[in-house]
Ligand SMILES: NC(=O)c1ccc[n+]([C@@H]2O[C@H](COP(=O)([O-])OP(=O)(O)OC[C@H]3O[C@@H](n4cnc5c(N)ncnc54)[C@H](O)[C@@H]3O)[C@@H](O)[C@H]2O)c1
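Single chain ahead, by itself, as structure tokens, in the form predicted alone.
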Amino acid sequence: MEKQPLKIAIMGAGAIAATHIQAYQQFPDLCQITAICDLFVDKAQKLADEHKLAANVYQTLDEALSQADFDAVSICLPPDAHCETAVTSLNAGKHVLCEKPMAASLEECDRMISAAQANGKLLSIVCQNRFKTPMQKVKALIDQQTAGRVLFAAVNSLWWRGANYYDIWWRGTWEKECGGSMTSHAVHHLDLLQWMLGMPKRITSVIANVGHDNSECEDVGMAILEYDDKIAQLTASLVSHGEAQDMTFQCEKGRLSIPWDPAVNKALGNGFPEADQQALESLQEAYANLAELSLENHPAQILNFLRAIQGEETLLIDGNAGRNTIELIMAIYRSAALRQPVMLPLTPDDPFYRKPSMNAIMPRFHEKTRSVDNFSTSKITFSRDVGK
């Protein structure tokens, strides 16, 4: 019997919703969007019209669940709404794809994972940068220890956002956005880091707000992640013109990096370096011989999500993957707020396991005094595409 296209509901009509819609529209034989939900119904209707969708619009999830027919939900809402929307959808028998960050706390992550398990439904967290050729190739080289084991990693999650970026009503507060540069932006690189190297044992960090006076939260931060046999450094910023992002892995036998820029040294008789051209060519060849992805970013992850629902593929990114990144963020905030190193994992009795107790401890760098319902444009721009 031929499988019917899956019916999809989009929760939230903000900037990222268009990215989800465009991705789903690449697979008309597998799915169709039947509902869009947003507090601002006119915004949802405009989105439906712009993308020529035969979809009904709703103001609340409860309305959509009671009136619309759909199999899966794409959550494109502010972070504080992720958990309740996901849990409600899962309990209603819907599969869930949730935008990053997964949730506002580890407790919320665990509720989402439990709801998926209890209802036998899929829960996937958007980690679209894993579905890029440079990331896949460097991950394979690390796993194969082509350059030996990793000794030191340096990650620059550098972005730039204007001061008015935080004027939208939900941004710039611990309650609604649930964090600053670490939560909203470095979440991409933290996901890649824990995917490639695993979870660290200890984290030490600092955070500050140096350029956004309408945000309670940080716009810069630095973290040191300690492992048994290596160390990693992460810098997260929203004040970096040019957004020059990179990930560098210094290994025993050479340097791996994203964007790809390898290097190999060998020792002179006195221990000083000289370039090892032969070993570099071998490393370049190993990278070149790895397959290019035919589909990348959101479309690639959404295709996996759809096929996993149909039982045709294994779900590549589940709730546990999203939870790992939230645990890193919570440990970074704990270390910065309490000015001390933090051992992982965080336990349920830790104040940084739950949102209310975590929010009570975090600093308020500025008072949010400006707030608008919507911006005049929902366009998303990047000076640098992560990994390119």
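Since the model is a prediction, treat every value here as computed from it, not as a measurement. All residue numbers refer to positions in the sequence shown, first residue = 1.
The following text describes the form predicted in complex with this ligand, which does not appear among the structures shown.
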Worksheet entry | Distance check, residue 26 to this ligand in the model of the complex, heavy atom within 4.5 Å | no
Practice prompt. Tell me, yes or no, whether residue 128 is in contact with this ligand in the model of the complex, where a contact means a heavy atom of each within 4.5 Å.
Written response: yes
Discussion item. Would you classify residue 99 as touching this ligand in the model of the complex, given a 4.5 Å non-hydrogen atom cut-off?
Written reply: yes
Worksheet item: Does residue 43 make contact with this ligand in the model of the complex, using a 4.5 Å heavy atom cut-off?
Response: yes
Worksheet item: Pick from 152, 287, 169, 227: which residue has any heavy atom within 4.5 angstroms of this ligand in the model of the complex?
Response: 169
Discussion item. Quick check on this chain: which one of 212, 189, 95, 82 has a heavy atom within 4.5 Å of this ligand in the model of the complex?
Written reply: 82
Item to complete: From the candidate stretches 65 to 73, 350 to 358, 331 to 339, 31 to 39, select the single one in contact with this ligand in the model of the complex, where contact means a heavy atom within 4.5 Å.
Response: 31 to 39
